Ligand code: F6P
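The chain that follows stands alone, in the form predicted alone, written as structure tokens.
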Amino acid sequence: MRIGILTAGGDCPGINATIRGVGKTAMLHYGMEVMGIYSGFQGLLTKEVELFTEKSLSGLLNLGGTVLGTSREKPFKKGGVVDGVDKPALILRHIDELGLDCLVCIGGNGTQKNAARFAALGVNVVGIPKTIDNDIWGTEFSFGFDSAVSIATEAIDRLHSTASSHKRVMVIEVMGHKAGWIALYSGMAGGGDVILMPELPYDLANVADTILERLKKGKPYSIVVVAEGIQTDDGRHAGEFIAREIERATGIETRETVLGYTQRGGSPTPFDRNLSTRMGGHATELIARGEFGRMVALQGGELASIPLGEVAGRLKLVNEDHDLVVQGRRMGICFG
């Protein structure tokens, strides 16, 4: 068999480890040919590909980003026809011309949705979930998430010392447009006093009261962790908005820090390296068994797979009953 691997959407730690996991398992265990496709689905439009060797996959385990490059190309956008070019039809033709027996799509929600649509057109596809946001439905964790949480947690740890020294409120904005998983996990691990997420409504008066109550108890500084996707009244960035409102309501000097893209750069954590390796290997097992149209998923700590059609268009979000939220509230942490 000849399989093609592409990476699409935003970069994140662990993609290269996943490419390595798929490629080495395919070549060394199953005797398959492996072709790298550059720049996501764009590479299938231009036939920008490379036939991998075992040497091609050396040194990838701890390397951040993606050696295949990525793009935001959405081949089905606007019906798939742009400037007279039927993109899905062209990709189908190129898949045939390249002799690909299966396509491995490493990416987030948008990538899995596109993978599902190609599967519906008869392409043999296997998806591997990739996102630091951890919002892909059907899998407990996606690789990249642990790395992002580790980076955010270290940043929060560092802010404690400066907040304490200056007796001020420090607001740290982390990634998460629709899902607050990074805010929740890093906020809890970093000892945040207030954690705000898109899924849970918040009351600014309640946030201010929490900070003032800490001051009355002899705690002159507070750490506020904010997901970038929380609702704001004036269109300002989440961290800036919350910082200004806290200072206005409490009179306490407040500063904000926005982590931004640092959360998805650099080397993956050991957890993500191992998860990437396992997911890559499991994807190749699915191919060898002829189980196509599925996405690799971590369920109950074990690797499984679910139909791509069940993943497309769905998000895994934080809810009030999550054990970290429940435990946090028991310990006096404010969630809004």
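Computed from a predicted model, the values in this text were never measured in an experiment. Don't overthink the numbering: it's just position in the shown sequence, from 1.
A second form of this protein, the form predicted in complex with the ligand, is not displayed here; the remarks below concern that form.
Q: Tell me, please, which stretch of 132-140, 219-227, 157-165, 237-245 lies within 4.5 angstroms of the ligand in the predicted bound form when heavy atoms are compared?
A: Residues of 132-140 come within 4.5 Å of the partner.
Q: Tell me, which of 144, 127, 176, 187 has a heavy atom within 4.5 angstroms of the ligand in the predicted bound form?
A: That would be 176.
Q: Report yes if any heavy atom of residue 87 sits within 4.5 Å of a heavy atom of the ligand in the predicted bound form; otherwise report no.
A: Although the ligand is absent here, residue 87 would stay clear of it in the predicted bound form, with no heavy atoms inside 4.5 Å.
Q: Though only this chain appears here, would residue 72 touch the ligand in the predicted bound form if you measure heavy atom gaps against 4.5 Å?
A: Although the ligand is absent here, residue 72 would touch it in the predicted bound form, with heavy atoms inside 4.5 Å.
Q: Quick one: name the residues from 250-275 with any non-hydrogen atom within 4.5 angstroms of the ligand in the predicted bound form.
A: Residues within 4.5 Å: 261, 264.
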